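Given next, in structure tokens, is a single chain: the form predicted on its own.
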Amino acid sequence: MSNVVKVDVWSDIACPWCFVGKRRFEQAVARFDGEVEVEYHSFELSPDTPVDYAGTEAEFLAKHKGMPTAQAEQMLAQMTELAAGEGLAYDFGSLQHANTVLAHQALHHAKAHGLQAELKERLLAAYFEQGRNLNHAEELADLAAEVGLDRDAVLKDLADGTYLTAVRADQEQAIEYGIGGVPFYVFDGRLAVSGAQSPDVFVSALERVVTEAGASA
């Protein structure tokens, strides 16, 4: 099968389901008899998050969802267990809740230099597993350098807001598509899948768009 399937993914660095969905989608791609091109798009789950939020992740979730802190802690424990099933070591106790607009700009910088997938993986791991503070340009530039990007160039683009317009364009596209939550996958511009679905669902979507493309050809 020589068809290349383009998959556009709306997600957020601060979205625990997005990292789980990424792993499940990667399993699907490994099973799929074809080539897949992935492009990540910006989506801010909590754009009003203050930089350097002082509370715990459970406290933030409780306030954001309007629930008792104990209930939020239980939800995070369940999420940690679920993520472990995908080989991810979530550490909500160390997590530093971030306003992700700078991270999304860094990802656009990475896309312009052919390293978006690498930086996406690095930022998710840094945020959910390593307790890194992604609120600040210096930290983002350090992580970007780890995947091969020029640290000074990243800092300059973040300071200048070079890719802020691109972030906003992604968000406007999400509104046009009616995306209310992430992760959200658009296959070949014709089929949408919402949520961190099973690998089987993703494989089915990939095969379906290839079949439909062949039929229309």
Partner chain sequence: MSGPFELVGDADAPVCVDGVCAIPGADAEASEDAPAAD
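Numbering follows the first chain given and starts at 1. From a predicted model like this one, the values you see are computed outputs, not experimental measurements.
The next section is about a form of this same protein that is not shown, the form predicted in complex with its partner chain.
Problem - in the predicted complex, the one of D33, E176, D52, E37 near its partner chain [non-hydrogen atom within 4.5 angstroms] - result: None of the other options qualify; the answer is E176.
Exercise for the section: Sort through L149, L158, V186, V167 and report the residue having a heavy atom within 4.5 Å of its partner chain in the predicted complex. Expected result: Spelling it out, the residue with a heavy atom inside the cut-off is V186.
Exercise for the section: With its partner chain left out here, work out from 131-139, 118-126, 105-113, 74-82 which stretch has heavy atoms within 4.5 Å of it in the predicted complex. Expected result: That would be stretch 74-82.
Practice task
Could you tell me if all three of K65, H97 and S194 have a heavy atom no more than 4.5 Å from its partner chain in the predicted complex?
Solution key: Yes: K65, H97 and S194 each sit within 4.5 Å of its partner chain in the predicted complex.
Exercise for the section: Although its partner chain is absent from this view, report whether V201 comes within 4.5 Å of it in the predicted complex, heavy atoms only. Expected result: Contact check for V201: yes, within 4.5 Å of its partner chain in the predicted complex.
Practice task
Although its partner chain is absent from this view, report whether S46 comes within 4.5 Å of it in the predicted complex, heavy atoms only.
Solution key: Yes, S46 lies within 4.5 Å of its partner chain in the predicted complex.
Practice task
Spell out, yes or no, whether the shortest heavy atom distance between F60 and its partner chain in the predicted complex is within 4.5 Å.
Solution key: The answer is yes: F60 has a heavy atom within 4.5 Å of its partner chain.
Exercise for the section: Look up in the predicted complex whether R208 has a non-hydrogen atom within 4.5 angstroms of its partner chain, and give yes or no. Expected result: Heavy-atom contact with its partner chain at 4.5 Å: present for R208.
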